Every structure is written in C-alpha cells, then in structure tokens.
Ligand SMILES: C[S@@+](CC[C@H](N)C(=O)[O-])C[C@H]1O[C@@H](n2cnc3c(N)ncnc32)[C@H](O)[C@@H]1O
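To begin, one chain is listed below as structure tokens, in the form predicted alone.
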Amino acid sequence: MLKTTEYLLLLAFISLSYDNAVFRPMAAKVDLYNNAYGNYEADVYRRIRTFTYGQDFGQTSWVSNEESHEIPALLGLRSNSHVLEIGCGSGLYALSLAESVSCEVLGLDVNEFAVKNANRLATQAGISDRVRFQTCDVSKPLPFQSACFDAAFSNDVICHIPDRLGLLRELHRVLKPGGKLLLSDALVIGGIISHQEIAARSSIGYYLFSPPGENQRQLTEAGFSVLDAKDTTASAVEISARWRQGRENSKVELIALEGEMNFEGLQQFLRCVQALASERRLLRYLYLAQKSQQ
C-alpha cells in the first residue's frame, strides 16, 4: 500500500491538466536548476537574484539575507571550523562564509553545473585551498570518515532527498561530538492542499511533503538533540513574490534563454509557492540540532 506522501506525489504527476484563477496547465517538468546554474554568469540572472534577495549569493532558495547572516553564529563557527554544506548550489554563499569566518567549507551538490561554477568561483577568489566543492548524491552514504566536520548546514534541500532519515544519520556520523546541524524545510504541511497545487509545487523536481513534527522526530531518531524549530514561512512568501516579479521584469530575456514554456512553468511554480505559503497551507521551518558531546 502506498504511504500518504507517495500517494500525494502520485496524484501530483498524473493530474497536470487544470485551470483556475491561480494555476494554468503546465508541463510535467520545469527546469529551474540547470538554467540557474548553467546561466549563472548571465547578467539577467544576476539582476533577478539581486532584486529578489537584496544580496546576490547565487541563491535558488527561500533563505532571507537575515537568515544567511545568522548561520555562522547559530552554528558557532570559528576560524578553525570545518563545515559541510549539503546542496551548495553555485557556491557563492559558502565562499562568503569562508571569507567572513576564515573557516574551511566543503560543499556538495548533485548538479554538475553548480559544482563546476562553485569551484571556478573558489579558484577566482584564491581560496580553493580551504573551500572545495564536489558532485555528490547525498541520498547515498556520505564519502567521509566519521567525526570529521565541526558543523553542517543545508538550505531547503532536505525536501529533495528520498531517504531523509538516512541522510540525517549520515550527518550525525560525520559530525564531531557537539557538532551542530542547521537545516530548513519549506514543505511542512499546514493545511489542505489540492492535487493541482501539489503538481505545481512539485514541477521542478522530486519533493517530499512532511507533516508537522516529522523533521524533529527524524532528527531525534538520527541521534540529534533538537535545539530550535523556527517558523520562517514569511521568507518563502516574500522571496517567491519578488522572484516571480523579478523574472516578469526580464521576461523577454528569460524566454530567449529558457524558452517560453519553461518561463511560464517557473512563473506558475513561484505563484504556487507564494499562494500556499501566504495562506499557511505549506510552512517553512528552520531547525537547529546538535550531536551529543559524548
């Protein structure tokens, strides 16, 4: 028998023809990440990132600038810290973190465009000796020795990982005693969601939707102590609205790069994120957890 989450995802992918005031018919798959990372240097994408977030970290997430600046303090980073980022994307935030704290960072991402761009930026910045990036499927065991990182973080990536508990157990394994983990999840169910909305919200890739409290339960099962769970849904509302508007402002340029179908698909995706988050039917939470000192 299908689990609840699997059933919802099945409905999402077989129910892609609909039309109402918010959602229009769209393709089953929309390309966000290959376009964002493959065209990272394009001026139009840089303008949109700056318009959306205020500060360009190469983002494709719901992380506000305030949250970005809080990460070093929340993780307790120091100049001798060895930090792991799950889902590094373009790598610019990891580079900024390494420069501001003088720590070492290793970033992982499954997208080859992202990793190639991140390593190029590290080389250009002259800090590739302490900031590295590599392609890695984190749904499989992490290729590191136990207790080799002081801290780890992951921005809006956990919802993409099929075996969430397996990854959390691996993160617990590779963290040193007392090491902290910071992660966010923008797919915590807060209300009733239609199959059309699930289809639109899932159009850019594989997603898992979580009931309230499930992330805390899995963190605890993986061996962590949960220190905080902060509701950051407002960030998803604001960022999705600005991101969609920024893209609309550059519609002609983006269609030339992405194609009209992909452009419209991403606009619909962003409308869906904004609607579900503003109505608090999908919530975003930021979790801070710690491995025992023993």
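Given the structure is predicted, the values throughout are model-derived calculations rather than measurements. Sequential numbering from 1, following the sequence displayed.
What comes next is about the form predicted together with this ligand, which does not appear here.
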query: Contact residue in the predicted complex, from Val110, Val101, Leu182, Ile193 (heavy atom within 4.5 Å of this ligand); finding: Val110
query: Residue (of Cys148, Ile161, Leu74, Leu106) lying close to this ligand in the predicted complex, criterion heavy atoms within 4.5 Å; finding: Ile161
query: This ligand contact at Glu221 in the predicted complex, heavy atom, 4.5 Å; finding: no
query: Close approach of Val157 to this ligand in the predicted complex, 4.5 Å, heavy atom; finding: yes
query: Contact flag, Ala94 vs this ligand in the predicted complex, heavy atom cut 4.5 Å; finding: no
query: Contact label in the predicted complex: Val174 to this ligand, heavy atom within 4.5 Å; finding: no
query: Partner-facing stretch of 208 to 216, 76 to 84, 120 to 128, 133 to 141, counted where any non-hydrogen atom is within 4.5 angstroms of this ligand in the predicted complex; finding: 133 to 141
query: Residues of 38 to 72 having any heavy atom within 4.5 Å of this ligand in the predicted complex, listed in sequence order; finding: Gly58, Gln59, Thr60, Ser61, Val63
